[in-house]
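As a starting point, one isolated chain is supplied in structure tokens, in the form predicted alone.
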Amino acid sequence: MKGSVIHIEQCGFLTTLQDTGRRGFQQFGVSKGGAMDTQSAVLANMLIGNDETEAVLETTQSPHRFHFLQDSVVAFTGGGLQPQLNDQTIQLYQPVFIPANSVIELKQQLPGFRLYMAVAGGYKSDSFLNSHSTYLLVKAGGHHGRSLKKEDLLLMKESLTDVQKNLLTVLQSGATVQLNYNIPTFDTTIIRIIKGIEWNVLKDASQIAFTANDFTVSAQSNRMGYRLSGTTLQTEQPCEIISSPVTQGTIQLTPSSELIVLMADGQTIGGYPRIGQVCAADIPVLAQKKPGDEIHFQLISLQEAEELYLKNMRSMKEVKDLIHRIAN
């Protein structure tokens, strides 16, 4: 088909188009959605000169095969899978030239769970409430509101900018663009949190146990939330509260003492105590955990969480600025 960029020859069990999510609708009960690991999605776009809010391909750790129908500049970020071109390893976290009629395979496993693939020019996709993210619950946005499947065709959204054309020329010459970027470590178990609004409903012994013991991501986890098994936590009072605002990273404690961490497609209000909040800098790390993985919560201050977030933002801005300097 004219304008096609990628023909999907094999697809994993949950591969979708996701951007940075839909903003301004949570007061109406609409979840933010978007990429589970927003940092990786944004970085993939930055590496190839896209607007950072462009939709990217979010794959989960299962075999994929993509046939590229035209010369393309792509970037892979995140984890879970190692991309290969003609059995040659493609480096993550750098822009890469993919010649027309090439086949990219994702089959070798890496630490992490979600790999992101951005293509220069972006993917043509459906918009829903000002976002191109796939919203599976209402079957809207992304690629016809559903996960991708074998034989799907992905089209290019926009023509290449001058910066992207220059980057394409640089990469076609055989040059590589390697960045001095601190690549995330997804095999860590540490997830840093701040105290939640209802932290004090926990008994003193449970407050200690919460950060002293490991929890395991349950098989009943998905894009809406991660269910965690592990140490039983006890409260000073009944566990139910009046439904109150929650967001991605909110840690709730159910009456059965089960922990739920809300993720990208999580609800906007909840009636369980909010005992913790994953700091923004560590949500990408948590998003790369899969069922069976262990996590260990580490309590930090609000100021420390803000400093970690700002440090990440500075590092990503340096990447964006460097790509523009190279391609200008």
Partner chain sequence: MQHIQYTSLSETAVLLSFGNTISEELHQQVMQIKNILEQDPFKGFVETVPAYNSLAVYYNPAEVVQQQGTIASAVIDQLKKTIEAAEQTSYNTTTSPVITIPVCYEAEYGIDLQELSVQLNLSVDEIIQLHTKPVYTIYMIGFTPGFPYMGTVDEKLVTKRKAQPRVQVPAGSVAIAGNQTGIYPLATPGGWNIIGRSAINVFDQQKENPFLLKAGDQVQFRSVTKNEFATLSAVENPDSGFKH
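Since this is a predicted model, take the numbers as computed values, not measurements. Numbering follows the first chain given and starts at 1.
In what follows, reference is made to the form predicted together with its partner chain, a form of this protein that is not presented.
Engineer: Although the partner isn't part of this model, could you tell me whether residue 129 comes within 4.5 Å of its partner chain in the predicted complex, counting any heavy atom of the residue?
Structural biologist: Result yes; residue 129 sits at the interface with its partner chain in the predicted complex.
Engineer: Give a yes/no on whether residue 135 approaches its partner chain to within 4.5 Å in the predicted complex, heavy atoms considered.
Structural biologist: Result yes; residue 135 sits at the interface with its partner chain in the predicted complex.
Engineer: Taking its partner chain as it sits in the predicted complex, is residue 319 near enough to touch it, meaning that at least one heavy atom pair lies within 4.5 angstroms?
Structural biologist: No, residue 319 is distant from the partner.
Engineer: If we define contact as a non-hydrogen atom of the residue within 4.5 angstroms of the partner, is residue 299 a contact of its partner chain in the predicted complex?
Structural biologist: The answer is no: residue 299 has no heavy atom within 4.5 Å of its partner chain.
Engineer: Work out which of 206, 247, 84, 218 lies within 4.5 Å of its partner chain in the predicted complex, going by heavy atoms.
Structural biologist: The residue from 206, 247, 84, 218 that makes the contact is 247.
Engineer: Of the options 277, 50, 39, 288, which one has a non-hydrogen atom that comes within 4.5 Å of its partner chain in the predicted complex?
Structural biologist: Here the answer is residue option 277.
Engineer: Looking at its partner chain in the predicted complex, is some heavy atom of each of 140, 194 and 242 within 4.5 Å of it?
Structural biologist: All three within 4.5 Å in the predicted complex.
Engineer: Which single stretch, out of 39-47, 56-64, 288-296, 263-271, brings residue heavy atoms within 4.5 Å of its partner chain in the predicted complex?
Structural biologist: Comparing against its partner chain in the predicted complex, the contact stretch is 263-271.
Engineer: Could you list the residues in 289-309 that come within 4.5 Å of its partner chain in the predicted complex, counting only heavy atoms and keeping sequence order?
Structural biologist: 302, 303, 305, 306, 309 sit within 4.5 Å of the partner.
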